[in-house]
Ligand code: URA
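First comes one chain, alone, set out as C-alpha cells in the form predicted alone.
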C-alpha cells in the first residue's frame, strides 16, 4: 500500500530513507497540483534537517529533470559539455569560457541564471549587450549550438519546471542552504540541456555561498557523485572567492572584461580561472588529452582569433550587436564616477568580496527579489588587488553611478572593504581543490 503524502513527510522528518518511486510520485503530484505548497514546504524542511542520501538525491534530481522537457542535442556532433558556477562576486567566466571552448571543438549548451543576492548573473551581464536575447526558444537553442558551437539562455518554462516552484518555496522558507536540495536544483537544470559532461566551479570564501572549504568540498563531492550516478561525466574544481574575481563588478563592465579575455587581455586571476575550467571541459569533451593540452588549445584559440569569431557569431545569432565583441568599450557604463582612495600607504592585504557584491546590489547592479530589474551601467572597478602596493591617497576603486549624492555612501562602503598592511599577504592559489568520480 502506498504511503500518503503526510506519511512521506513524517518518514523524512524521522530520518528514514524514501524509495525512488515515492520521491518521483511526490514530485509528480506536486507539479500536478495534488500536493499543496505547504506540504512541499514541510517536506523541504524535513530534508533540510535530515538530508538525503545519494540514491534519494538522484531520485529527486531525476524527478525534477523529467518534470519538463529534456533537450535533444543528438543532432549536434561531439560530446556536449557545460560549466556551472555556484556564484561569486565578479564571476563573469561563462561569457568568455563558452566561445573559447566551442572554438576548440566542444559544443557548449549553457542554461544560465540571473543574479540574486550578492552574486551577479550571467544573463544580466549578457543582456548589457544591445539586443542580446536570452529567451531563445528551445528549438532555436539546439540549432544555434549546432551552427555556432555555443548558446547561452535562461531557464525556460519547459526546463525543470518543478525546480522553479521548489526554489521559490525554499527561498521563503529558509531551506536554501541544503546540500542535497542545491545539488538537485543545479543538476536537474543542467541535465535537461542534453549534455554529456559538466564542469563545476564551486566557489569558497567570503564572497561565496560556501564560506568554508569543508562545506564547499561537501557540496562539490555530492554534485560529482550524484551527477556521475545520473550517467554524466562530472568534474568539480574548488576556486577561491575571498576577493572579487577580476577587477570589474557590475553588468556592462563585467561583460567588457570578459570580452577583453577573448582578445588576450584581462586580469590574471580571471584568465587563470577561465583556462582552468575550460581545460577540464576540453578533456571531458574528448578534445584534449590532458589539462595542460587543453590549456594550450584555449590559448591558441585566443591567439588565432577563433574564440572571438565564435563569440561574434553567438551574439549575432541571439539578436545582439556583434560589434561590441571587437570593441567592448561600446558597452555603456554610468557616466558619474566616484573614486575611492587608499587610507594609508603599504599593501592591499584583502578586499571583502561580500561587501563589494552587496554594494553592487545597492547600486542597482543586482537584485534582492527575482522580479527586480537591474541597471546594466552601474558597477565597481577595482584598481588595486590584494598584494599590490599603494600610497595614501592612491585610487583603489572607482564607482560608476547614476547619482553622485547617493553614490557617496556607497563609496564609503567600498572603502571599508579594503584592508591594508605593511607587507603583502601570502600568495594563495586560486584553485583550492579538484574532485572527480
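Predicted model, so just to flag it, every value in this text is computed and none were measured. Numbering follows the first chain given and starts at 1.
Same protein, other form: the form predicted in complex with uracil, not shown, and the subject of what follows.
The putative spot formed by 11, 43 and 47 is not touched by uracil in the predicted bound form; no residue has a non-hydrogen atom within 4.5 angstroms of it.
Uracil in the predicted bound form is not approached by residue 142, whose heavy atoms all lie more than 4.5 angstroms from it. The closest heavy atom approach of residue 170 to uracil in the predicted bound form falls within 4.5 Å. Although the partner is absent from this view, residue 189 contacts uracil in the predicted bound form, with a non-hydrogen atom inside 4.5 angstroms. Residue 209 belongs to the set of residues with a heavy atom inside 4.5 Å of uracil in the predicted bound form. Figure note: of the listed segments 294-302, 324-332, 174-182, 269-277, the one touching uracil in the predicted bound form, with heavy atoms no more than 4.5 Å away, is 174-182. Although uracil is not shown here, in the predicted bound form the stretch 303-342 places no heavy atom of any residue within 4.5 Å of it.
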